[in-house]
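One chain is shown next in structure tokens, namely the form predicted alone.
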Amino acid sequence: MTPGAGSELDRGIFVSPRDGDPSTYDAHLDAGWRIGSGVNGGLLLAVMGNALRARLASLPGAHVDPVTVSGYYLSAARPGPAAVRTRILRSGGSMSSAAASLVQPGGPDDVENERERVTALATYADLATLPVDVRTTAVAPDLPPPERCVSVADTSPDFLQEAALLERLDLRLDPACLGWMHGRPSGRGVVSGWLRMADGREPDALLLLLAVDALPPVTFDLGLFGWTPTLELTVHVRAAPAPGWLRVRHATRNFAGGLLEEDAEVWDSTGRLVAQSRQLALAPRE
């Protein structure tokens, strides 16, 4: 299946321009993208990325592919209506830059006031026109084939209930990273596996914004369980991904003051590095 309106992801990140305000796009955050009670941070970036794509598509250059997106998470987004406010900072040339804010209505007792959930800065280009020269010292994770990895569909029902978005993903985790499932976390702070959409939607640049935040948090491999809220997430899209499975690796090297970084690398089916990210997150309390 190619990217289209019928896929789970395209419905999840769908935005529509608001009448009379071409800079604002309305969205609906579906409960099927939850982690705990909040909506997954990667999905939120993809919603904002889709709004920026729509805003930039008609401007000089027609830059519709995110090259870098940095999001700051101000409060937990909940399922329900949302809006993305966009602002063009520069357009034309080889790249364009823009800002976006995702907001939601206040609570039942505060419906008149909006709450900002995420604010982001982004640079967009046309990935098809960028140089194809690739030089990297990064090495793709050496994973068993997908059929020999552990599908999250076979994990604990309680785990799936707390991570609804996993039902929309075909995620196969490397058995070498799953000691935490059996009470034996390795302490290395690494989680890796194969990823594709469960409905067969092929990857594109917007899916990469989700992929960097789709695996279980690396804190599980440190023996720390519970919510790991993202404070900041920066994604670099290096190339348009080829069809097929994505290989994803998350790792952390530093844990201090109740904070940790989580670095992600995403490789496409041709073995090309197509995305990198770093996020700063609050660790669960022991």
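All residue numbers are counted from 1 along the displayed sequence. What you see is a predicted model; the values in this text were computed from it and never measured.
One more form of this protein exists, namely the form predicted together with another copy of the chain; it is left out here, but the text below deals with it.
- Query: Taking 57, 64 and 196 as the candidate spot, are all three within 4.5 angstroms of another copy of the chain in the model of the complex by heavy atoms?
  - Reply: No: none of 57, 64 and 196 comes within 4.5 Å of another copy of the chain in the model of the complex.
Q: Scan 121, 178, 103, 164 and let me know which has any heavy atom within 4.5 Å of another copy of the chain in the model of the complex.
A: Result of the distance check: 121.
Among 92 to 100, 170 to 178, 77 to 85, 196 to 204, mark the stretch whose residues have heavy atoms within 4.5 Å of another copy of the chain in the model of the complex. Of the options given, it is 92 to 100.
Q) Would residue 255 sit within 4.5 Å of another copy of the chain in the model of the complex, counting heavy atoms only? A) The answer is yes: residue 255 has a heavy atom within 4.5 Å of another copy of the chain.
| message | Considering non-hydrogen atoms and a 4.5 Å limit, does another copy of the chain approach residue 183 in the model of the complex? | response | Output for residue 183 is no: heavy atoms all beyond 4.5 Å of another copy of the chain.
Can you tell me whether residue 133 touches another copy of the chain? I mean in the model of the complex, with a 4.5 angstroms heavy atom cut-off.
Yes, contact at 4.5 Å.
**Request:** Verify the contact flag for residue 114: yes if a non-hydrogen atom of it lies within 4.5 Å of a non-hydrogen atom of another copy of the chain in the model of the complex, no if not.
**Result:** Residue-level check for residue 114: no, no contact with another copy of the chain.
Next on the checklist: Where, within 254 to 281, is there a heavy atom within 4.5 Å of another copy of the chain in the model of the complex? Residue list please.
Outcome noted: Contacting residues: 254, 255, 256, 257, 258, 259, 260, 261, 263, 265, 272, 273, 276, 277, 278, 279, 280.
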